[in-house]
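In the block that follows, a single chain appears as structure tokens, in the form predicted alone.
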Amino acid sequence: MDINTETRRSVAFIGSECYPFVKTGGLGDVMYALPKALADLNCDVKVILPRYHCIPWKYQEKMVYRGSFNMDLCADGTSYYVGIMEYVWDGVVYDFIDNDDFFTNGNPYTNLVDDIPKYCYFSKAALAALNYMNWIPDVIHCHDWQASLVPVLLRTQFADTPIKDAKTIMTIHNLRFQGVYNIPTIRYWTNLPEDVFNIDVFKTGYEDANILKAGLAYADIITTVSDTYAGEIQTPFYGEHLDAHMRHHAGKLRGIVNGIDVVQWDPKTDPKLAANYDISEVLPQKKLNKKALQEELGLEVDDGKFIIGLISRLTDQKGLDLVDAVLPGLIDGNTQIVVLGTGDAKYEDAFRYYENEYKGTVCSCIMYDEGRAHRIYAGADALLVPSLFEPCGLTQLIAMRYGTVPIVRETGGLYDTVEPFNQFTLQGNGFTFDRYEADLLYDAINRAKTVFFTDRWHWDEMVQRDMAKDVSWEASARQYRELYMELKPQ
């Protein structure tokens, strides 16, 4: 059946960040790209976000006031103002919850002392705003712990309101962040009944409540951002102390891999590149981008060098202890390394040391520069993603879009999206290693270098396979749309 003749589904996305208004990580990309892709598939989509003061004024000045009301929130009856400011863009309606008590800090996330009240307020205000606007969604799609109270509130405090029949989906982008705080504080800020603070819903340990755990218990469907990660989080190693809870709710758990915005990330039209290209031009044009990158970063200009890019938050999760262990061994006169990112001081300092030690061979850009990221994707030969865990990962998808071969650890979405190169069948689109060990990372990089230097024909074929791979949101959006249809068949 043609998708445009099927029954339309209305979906409210509720989450704490969304590109281009405010973004700290992959969640911001998903909250932007997935609703846009769903709108193209004939879904009626509304995105509900906090109106942080850090949202650039060029967006704030175009927001239209939709109304306001006071809302009871706390156990002692304290109520708060809820304003609704609307912004419409690319077929998606963005409604921003306005309140100066909670959203005046410069950053969306500060510390749990402030964040717990902020997102208790936001979750309830988002549901109250839907009722106020009389916009009754078929599905409410909630993202990470900051929106995890929504399924609980919907089935308790909103059980007799117009939105009561909406189904809920909870998407886990990173299980590590859960919103854990003491029970009295969360009871005060939610005014939820005492009986939900039990071991099956909120309670964790002796006296704490876990907001994400409660949302997962109450949601109709749980998704996470790759099929492999959906399995991994049911194990103690990846489960972040919720593995038993995830196993209990495994029947409603699904994995759907993320895509990327292929308009924003398009080497054919990307204005940040030295030379644009598509799959038919990638081999000569990538050489021009490599030369421009070497010149920009002060590396020795030599088309024959193998450039490894690393674009990452500099944290333990990203496998940087492995990189630190193997980097000196990679310096062989044929290899150059480019690092871009910020994070833990120990890694920032280590990469600064390597740049100083290996001038012209290693460049460490301890910053985040969007334009430079684009140029690294276009100019590097390979991109390193050796993560300890990676729910989905976007950098390997962007790298493939730009014809840059990923070298990854077999975990989460990295396992689902990168097929290891097979020297016998000559298939595959990257290089992988399994156990989290420096020697195995070193081996994977050396396997990539061997193909690059001794079998360039098959390397170049792999580059073109990567560019041909569909990394767009369309396939993922169709899977989400099927979930919405499954939840609300009529």
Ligand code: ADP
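Numbers for residues come from their place in the sequence shown, where the first is 1. Everything numeric in this text was worked out from a predicted model, so none of it was measured.
Although not depicted, the form predicted in complex with ligand ADP is the subject of the following passage.
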Residue stretch of 77 to 85, 308 to 316, 199 to 207, 105 to 113 approaching ligand ADP in the predicted bound form, non-hydrogen atom distance within 4.5 Å: 308 to 316
Could you work out which of D324, D369, E357, D302 is the residue within 4.5 angstroms of ligand ADP in the predicted bound form, going by heavy atoms? D369
Assert contact residue (ligand ADP, in the predicted bound form, non-hydrogen atom within 4.5 Å, options A380, A219, L394, M400) equals L394
Please determine whether D95 contacts ligand ADP in the predicted bound form, using a 4.5 Å cut-off between heavy atoms. no
Taking heavy atoms and a 4.5 Å cut-off, does W265 contact ligand ADP in the predicted bound form? yes
Report yes if any heavy atom of P20 sits within 4.5 Å of a heavy atom of ligand ADP in the predicted bound form; otherwise report no. no
Should G341 be classed as touching ligand ADP in the predicted bound form when contacts are defined as heavy atoms within 4.5 Å? yes
